[in-house]
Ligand code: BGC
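Taking the form predicted alone, here's one chain by itself in structure tokens.
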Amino acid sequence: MASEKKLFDKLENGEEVYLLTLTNSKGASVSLMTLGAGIHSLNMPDRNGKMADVVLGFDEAKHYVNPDFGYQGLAVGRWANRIRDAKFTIDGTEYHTPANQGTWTLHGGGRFSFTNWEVKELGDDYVVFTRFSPDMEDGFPGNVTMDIKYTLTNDNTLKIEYTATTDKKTVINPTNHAYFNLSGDSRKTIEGHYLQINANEFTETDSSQLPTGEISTVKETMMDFTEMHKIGDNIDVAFRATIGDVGYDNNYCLNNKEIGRLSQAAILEDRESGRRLEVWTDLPGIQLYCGGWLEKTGDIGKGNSFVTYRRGVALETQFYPDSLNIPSFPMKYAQPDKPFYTITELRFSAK
């Protein structure tokens, strides 16, 4: 195992953004950014051992801080996904968050993603990023310190561990927003990728894709990935929980709803290259998003690659969207006497 740190770019305010690259004994590697504690590139072998970058991204830091480009590879917090009416209540106190999507909050307002994080530790096979979020930053209570530890193993697993401490009861729901294209060729859409999600249910949404509080079965709907099939098989089927030609941007209620117990959430395959990704999490939900809100042409990417419509699939492990406003949805609060912890594992292989 080996690690390397180098300058990536500068933000408009002059802050330097660094890349930290971990390489395992098999030659697989991940490059991580101080910007948004994000994944810049992730090189994994196909069935013949050929390495390719399997996540979308950019060559310049300025594109990562543009929310219209979809939070490519970035860490998201304090609360991932949606908060209805940009407000929530804890023990009778109402808190207001940034209304950065019409009347509601997306990804905590974006601050966690679009700022530089400190490198707390760097080892041969891991990096720990840290960020302090003061009480009431973006409306969230508590002085919170969040650490994100990335570990690359010799069996081609990328572990992502989130630990948060607080001095006040608060909500924490972090995730990573990488977009995977296992072909390593972003000229290809992800409609040909095969996907399985270990979920029999999904959260119903309204016309803005905000959760209604209802949970429905995936059976006999376009939402059903209980058996592996191509993402493109039903992505354009008109359905109440999707919008126009966006396709999938939905939360699945995983069959394992026990918070804190690691289990397999999803399997993604590109059968041409043989690359396979298993997503494991100890959280009860996973958001399937296929880049349907991205521009259909014109978005630039790394080298000759593209960050455009349906060129990557995000599999965001999480509490259900708006859980902090829907008591029937599973979640847990962060408490001063008990650090918040969650883990996601991205297990790569080749068939």
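What you see is a predicted model, and the numbers here were worked out from it, not measured in a lab. The first residue of the sequence shown is number 1, and the count goes up from there.
One more form of this protein should be noted, the form predicted together with the named molecule, which is absent from this view; the next part is about it.
The pocket of the shown chain is open, since the named molecule, superimposed from its pose in the predicted bound form, puts no atom within 2.4 angstroms of any backbone or C-beta atom. Stretch 103-111 is the contacting one of 103-111, 155-163, 132-140, 119-127, since its residues have non-hydrogen atoms within 4.5 Å of the named molecule in the predicted bound form. In the predicted bound form, at least one heavy atom of His177 sits within 4.5 Å of the named molecule.
Contact check for Tyr289: a non-hydrogen atom falls within 4.5 Å of the named molecule in the predicted bound form. For the chain shown alone, Glu316 is a contact residue for the named molecule in the predicted bound form, at least one non-hydrogen atom being within 4.5 angstroms.
Although the partner is absent from this view, Gly70 contacts the named molecule in the predicted bound form, with a non-hydrogen atom inside 4.5 angstroms. The single contact residue among Asn256, Gln209, Asn200, Thr145, judged by any heavy atom lying within 4.5 Å of the named molecule in the predicted bound form, is Gln209. The contact with the named molecule in the predicted bound form, taken as any heavy atom within 4.5 Å, belongs to Asp249 out of Glu191, Asp249, Asp224, Glu278. Shown without its partner, the chain has Tyr71, Asn81, Arg82 in segment 71-92 as residues with a non-hydrogen atom within 4.5 angstroms of the named molecule in the predicted bound form.
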